[in-house]
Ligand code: SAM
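One chain follows as structure tokens, the form predicted alone.
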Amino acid sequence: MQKDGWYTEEWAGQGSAISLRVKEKVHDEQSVYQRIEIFETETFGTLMTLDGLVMVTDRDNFVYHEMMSHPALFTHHHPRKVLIIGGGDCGTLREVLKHDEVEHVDQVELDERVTRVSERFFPELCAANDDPRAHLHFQDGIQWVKDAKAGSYDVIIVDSTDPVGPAAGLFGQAFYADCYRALNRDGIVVGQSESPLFHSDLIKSMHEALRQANFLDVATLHFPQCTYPSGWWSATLARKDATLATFREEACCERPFATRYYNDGIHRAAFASPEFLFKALL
């Protein structure tokens, strides 16, 4: 909602909201799937909203995109083939392609307009779209995984919107079972899992569904995201046949690319669980 020079997103049921001071709205369209709006803000740069919900800003997107990609990729022993479900702003794709060992990435985004609008207003996030390893597909990600050959991918990243509407199926046991089949030995799936403070029930249900899909180890990592509900966000990972407790620490410390948030210390610390969530997941 935009009013009196401010964009405000109310967090339904939580009695709270976030507001960003807006200079102007520069784009507004209704795609087949959702309303896409672009604002120029005073202190957070360019802002994209989908159906009135904050998706990405210039100022803080790096935290989300780095934490959705690097922990999983440095945990896998040799990630060569990666699937991104969603991720229409392409920031996660950019981070994944910083890893030289990655040979092929399929990004499956339902709404092509999100990507095309991002290419115009967030060109830095889309800088890797022309990388020959990147393959963009605009179709249903749930069906893509269902149709994937067994053992097709090393890492699957579910960079989705909230678990409502078309995205709801990305949080269920049937989808995770398809991910399990599509992953190679030692495969890892990671999906954004909302706010631990506001959505602990969702995180618990994801853990249960992933275990029901036969993943051996499941863990949730935490990171700040000041423009998302509560300012505290998470991603939940699952691995087919090995623990998530170890990662390629030396490769992480000697990574040949720059990060702004992620490093080896953040990797270790991010998996520490607050007591209330630890007890909820027992």
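Quick note: we count residues from 1 along the sequence shown, nothing fancier. On a predicted model such as this, the values are computed, not experimentally measured, just so you know.
The next section is about a form of this same protein that is not shown, the form predicted together with the ligand.
Distance criterion of 4.5 Å from any heavy atom to the ligand in the model of the complex singles out Q34 from the list T41, T236, S230, Q34.
Checked against the ligand in the model of the complex, the candidates A167, A148, L136, L202 yield a single residue with a heavy atom inside 4.5 Å, and that residue is A167.
At a distance threshold of 4.5 angstroms between non-hydrogen atoms, G141 is in contact with the ligand in the model of the complex.
Contact between Q192 and the ligand in the model of the complex is found at the 4.5 Å heavy atom cutoff. Residue contact with the ligand in the model of the complex: D106 places no heavy atom within 4.5 Å of it.
The closest heavy atom approach of D89 to the ligand in the model of the complex falls within 4.5 Å.
Of the stretches 119-127, 98-106, 156-164, 71-79, only 156-164 has residues with a heavy atom within 4.5 Å of the ligand in the model of the complex.
Candidate site formed by A219, L244 and Y262: none of these residues places a non-hydrogen atom within 4.5 angstroms of the ligand in the model of the complex. Shown without its partner, the chain has V108, E109, L110, D111, V114 in segment 90-117 as residues with a non-hydrogen atom within 4.5 angstroms of the ligand in the model of the complex.
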